[in-house]
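Starting off, we have a lone chain in the form predicted alone, written out as structure tokens.
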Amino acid sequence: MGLLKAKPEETEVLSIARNHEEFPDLTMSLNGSIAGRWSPIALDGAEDAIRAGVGPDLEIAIVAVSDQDEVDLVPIIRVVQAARDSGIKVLLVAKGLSPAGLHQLLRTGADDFAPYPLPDGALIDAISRLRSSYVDDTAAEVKGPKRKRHGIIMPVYGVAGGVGATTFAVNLAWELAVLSKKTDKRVCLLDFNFQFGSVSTYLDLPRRESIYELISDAGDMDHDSLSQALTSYKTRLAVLTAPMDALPLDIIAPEDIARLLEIAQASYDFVVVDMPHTLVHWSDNVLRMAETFFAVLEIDMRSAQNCLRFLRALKAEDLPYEKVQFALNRAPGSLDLNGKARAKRLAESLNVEINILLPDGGKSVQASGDEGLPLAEGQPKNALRKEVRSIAQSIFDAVVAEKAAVVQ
């Protein structure tokens, strides 16, 4: 599976302190979690550096404050204000600071704080919260510098109705979001079935009016308009649901679909797309931009026939069909020899490899969807959930490994 392309690391987090030697645990935590992507800077020069523009990828300023700084908070207040003016999130690390001093800095514009010494995992949790908070507070981040990510695009396409493509897409996105909890990775889920998409139902999310505005006036699409259309599921997963009303699938042009995906790629590390069953004039754009294109099918005649038509269409248009990864839903168990023989014949008749076997999760899968919960939340021991988690883990590990290779 081709994943992220190598690119140099840039400063994403700035650590600001009058004396960094007072905060050795902070330095150790930053080196352990985001080594190579943070930089220390003295308090005296921090305001000027931020206003001058430290770098396009800078997202968070960590301001470390001790009780010795409390005699004169003005320089720290100016740094916090400069960061906020630049659209940078501010995390206070407070060492012996009085409640009154902490309250004053938070009122100035700091987004969050952590006590010093830092509890285990507190720093990376705070950084993850700040990075995900823009879904609910779009204005602060979209006006400021952004990290130029290059997220991997993973569309999920059902070759026939009812084969479980949306279930797979929703649960894959959520499992990736759970795995990203204590890292700097971001995940979003885009419902491209503009007529009858059901991602919002599976996650019990509202459908916003801004979604219609986004896709009906896509020529003016930017980070701001996309952020306003996104909804957050449990602060970990950004979701673009289908519009409130059924819209024609050709309401958005191919170049606008490409633009939407480019914007999502710039802000997220994993972009899962729930595709409509119908092949439309922008389907090829999604396939070309995808790293892996999941095609979900079952062992039945309609899946086989539709899959054959799908492959013919890709080859006729000279599209990169080698990106397609076939996933067999409700796959036979290890003891179902007859079912395994049928699955083998299906793959041979289509001349494809079926590398993903999704077990039948039973009625609890439908029940979980009706309740608006991912399987990990409603049915964590479900066999389908375990397999989707394994797939998500493989994807996540591959991205992390490739990222580590770049750093080294």
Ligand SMILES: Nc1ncnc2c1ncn2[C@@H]1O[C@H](COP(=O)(O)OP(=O)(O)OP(=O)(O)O)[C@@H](O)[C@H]1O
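A residue's number is simply how far along the shown sequence it sits, counting from 1. Computed from a prediction, not measured in an experiment: that's the story for all the values here.
Absent from the display: the form predicted in complex with the named molecule. The rest refers to it.
- The named molecule in the predicted complex comes within 4.5 Å of a heavy atom belonging to residue 365.
- At the 4.5 Å threshold, heavy atoms of residue 161 reach the named molecule in the predicted complex.
- Within this chain, residue 361 lines the site of the named molecule in the predicted complex, having a heavy atom no more than 4.5 Å away.
- Of the heavy atoms in residue 277, some are within 4.5 Å of the named molecule in the predicted complex.
- Only one of 285, 166, 231, 265 comes within 4.5 Å of the named molecule in the predicted complex through a heavy atom, and that residue is 166.
- This chain appears without its partner; in the predicted complex, the one residue of 174, 293, 192, 202 with a heavy atom within 4.5 Å of the named molecule is 202.
- Stretch 325 to 333 is the answer when you ask which of 74 to 82, 325 to 333, 95 to 103, 253 to 261 has residues with heavy atoms within 4.5 Å of the named molecule in the predicted complex.
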